[in-house]
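Presented below, as structure tokens, is a lone chain in the form predicted on its own.
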């Protein structure tokens, strides 16, 4: 997770210009204590509020998000550097999560009958208390609401510790919920540096934590949660394979591979990071991909004609360029890009690497930027083996005939498999990974159950 805090403030900086937009005071220990106390007190009332009353508030929040769509989108573009069209799409998606859980939570959390030899029984789902939500900058609204919407509808309260480079987006999420009528203390944004999160985890009023971030951050949170016997869900990114076999629609696969990798300037956890193509179509695929690469426009994220926007910060662009340089040093082939663009802001060229081998860091690491890594394989089994040759297991895309793709998908170690379409986000489908990509699920019915006490009620036979 990115941090831009310095001394007693957290800074909002536009990565397209490196201009300081706004500063926020770090939440003081006294104010944080007050927030925790209010969240704990609010839970005692909120958990007993009806689904119908909670739904009214969430639907109002969705309405407000859409009313403020342009403002929120421009705010995300200013703080993250993402294209304005992508920011608008994210705002619209965020509103869908409020509406989805407002409509479905009552069914997801209804008592579930269980037949037993002892007599009738049923599962009852109870919220557990105040949750800590630690979220990244790359999708500053969607990331918050894919966990926030279900848990608020479930009756939990929440404290948001957002990434330090999106403080304005973070505060906007709290402001909208307050305007929608959410009671004081049910959802509160705090401005904290990452090194203060451990203190929150130690507080007994925090009952669980959900984090999206780096492996290092995930390991730290897992240790803190384990020490305090608290539930945690972790989404820690990936090095997602994008498999293209010789019976795929080649033109469509190429388009999706290139534009999917360049989406959000390559800064999506489930982005197609490793392009794995069957060798008998590899030359044609690469030629088509390069023809698109040569037309990509890098520029102002507010300009609708821009294809690739800046990265999120100076430190982010430096890190990605260092990863590319290291790959070339280790004998990978730099086919396109690989350099910083000579203009103000955190811009780099769209980059394409080939001849990456398993002894290289690029083979093992996640590269969180506009870097397209191209591999070839002889057959289905080689594609499966290469796809699984990573410590990550978040998403995977397979372009091939349906039956063939499903057969391969069953053998991929991943939480998410999309066939003949890019991995994407929708509230109806669970989201999460395996291996070093973390554990737990967000979205869908599975997501709302993560922080509920599934309480069994067993009734004796008469």
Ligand code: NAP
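Residue numbers count along the first chain shown, from 1. Everything quoted here is computed from the prediction, not taken from an experiment.
One more form of this protein, predicted together with the ligand, exists but is not displayed; see below.
The ligand in the predicted bound form: contacting segment from 248 to 256, 343 to 351, 289 to 297, 128 to 136, heavy atom within 4.5 Å: Among the listed stretches, the partner-contacting one is 128 to 136.
Proximity of residue 143 to the ligand in the predicted bound form, heavy atoms at 4.5 Å: Looking in the predicted bound form, residue contacts with the ligand include residue 143, since a heavy atom lies within 4.5 Å.
Contact test in the predicted bound form: residue 58 vs the ligand, heavy atoms, 4.5 Å: Flag for residue 58 set to no.
is_contact(residue 162, the ligand) in the predicted bound form, heavy atom dist at most 4.5 Å: Contact with the ligand, yes.
Residue 375 within 4.5 Å of the ligand in the predicted bound form, heavy atoms: No, residue 375 sits far enough from the ligand in the predicted bound form that none of its heavy atoms falls within 4.5 Å.
The single option of 65, 394, 398, 39 touching the ligand in the predicted bound form, heavy atom within 4.5 Å: When the ligand is considered in the predicted bound form, the option within 4.5 Å is 394.
Contact assignment for the ligand in the predicted bound form, among 360, 192, 91, 176, heavy atom within 4.5 Å: Result of the distance check: 192.
Residues in 330 to 366 close to the ligand in the predicted bound form, defined by a heavy atom within 4.5 Å, in order: Heavy-atom contacts to the ligand in the predicted bound form: only 366.
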